[in-house]
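The form predicted alone is given below as one chain in structure tokens.
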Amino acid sequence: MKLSLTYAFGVSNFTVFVKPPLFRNLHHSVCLSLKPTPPPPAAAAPLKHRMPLFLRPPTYTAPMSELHKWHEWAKSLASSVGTTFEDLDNGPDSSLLCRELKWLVEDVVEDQTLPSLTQSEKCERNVGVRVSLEELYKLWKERIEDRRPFQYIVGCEHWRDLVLCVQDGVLIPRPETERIVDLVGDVVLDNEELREGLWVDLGTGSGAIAIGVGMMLKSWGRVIATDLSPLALSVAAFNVQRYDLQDVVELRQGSWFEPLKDLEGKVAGIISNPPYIPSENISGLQAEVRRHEPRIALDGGVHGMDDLLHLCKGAASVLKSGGFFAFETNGEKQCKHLVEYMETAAGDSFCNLNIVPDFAGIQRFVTGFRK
């Protein structure tokens, strides 16, 4: 299976196709441990992540003829879109939707050696599937008519060499954010103090950055990942356990630096992909983004800088001398503004400030060190 993500905000505006899964055999139970976590209200039900389709057991069966019938309906629905979504808000066109349909079939059907559904009209063989036919109709209708993101349909996203659980209410990790892990790798390569230090991923979402950095640090350092959303932390905990990083990545609930009051001046590195879309631009985003992804993870205030400036202020007190930071932004304008702020209004706290492009050449990240 492959996943696609059309950039719908910032200065990027293109489609990226991501690698097929490498870790389909990783399937562990989840134990969620958050520190510190206030006790939930008595009536609150425990949050539970939604299992990605490819990890579900094939507990359903369906005749090949019925699967073929569904596939023809789904393909017809995708083909009817043409370039309508693309013209409207840079959404997916029919060719991309048909590829998504192929990937959905790969995730749902147990036996990948079966004949193509396009050639199975007369076959009455029963096939093991991971969701019911009724659910398949429902899911594809949501994809086309509601513009629900494909990653939410299948329940996962491919990011670096990871396959991460994602679901409604949790931001889908973007390909450009992968660069942050490489930036960390560059600074820890020849710096033992940073390599063996404590790193913090602020606003972790699905846990993508924390897991990527945790896999790089291995047994040397540790990562604390924070998020305000209990749902996001539940999903992050599942992803952390799938990659057996419970001893490396710790999850804490709270807003930005609030869960880190015990770490003032002790942190080796801070990484974050905060909300940075200007509020007035949210309505112009691709429908998959503006309708379905959590606004709290997108909206950065009037100029998109509210959370970025807050991170700069907090980083000065949390980072130890020589500590590193890397923040993702909306593009060159925000990068320059952030560097100017840190040079003139951050109390001479930082040095070696740098603007780094993403893989597409867009000026995307601001990095630097605590003096």
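Counting begins at 1, following the sequence as shown. For clarity, every value in this text was computed on a predicted model and none was experimentally measured.
As for the form predicted in complex with a small molecule, it is not shown, yet the points below apply to it.
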{"item": "The unique member of 209, 184, 251, 268 whose heavy atoms fall within 4.5 Å of the small molecule in the model of the complex", "value": "209"}
{"item": "Option touching the small molecule, based on a heavy atom within 4.5 Å in the model of the complex, out of 229, 90, 94, 167", "value": "229"}
{"item": "Residue 296, heavy atom within 4.5 angstroms of the small molecule in the model of the complex", "value": "yes"}
{"item": "Close approach of residue 150 to the small molecule in the model of the complex, 4.5 Å, heavy atom", "value": "no"}
{"item": "The small molecule contact at residue 205 in the model of the complex, heavy atom, 4.5 Å", "value": "yes"}
{"item": "Residue contact check: residue 214 to the small molecule in the model of the complex, 4.5 Å heavy atom", "value": "no"}
{"item": "In the model of the complex, segment of 278 to 286, 190 to 198, 141 to 149, 173 to 181 with a heavy atom within 4.5 Å of the small molecule", "value": "173 to 181"}
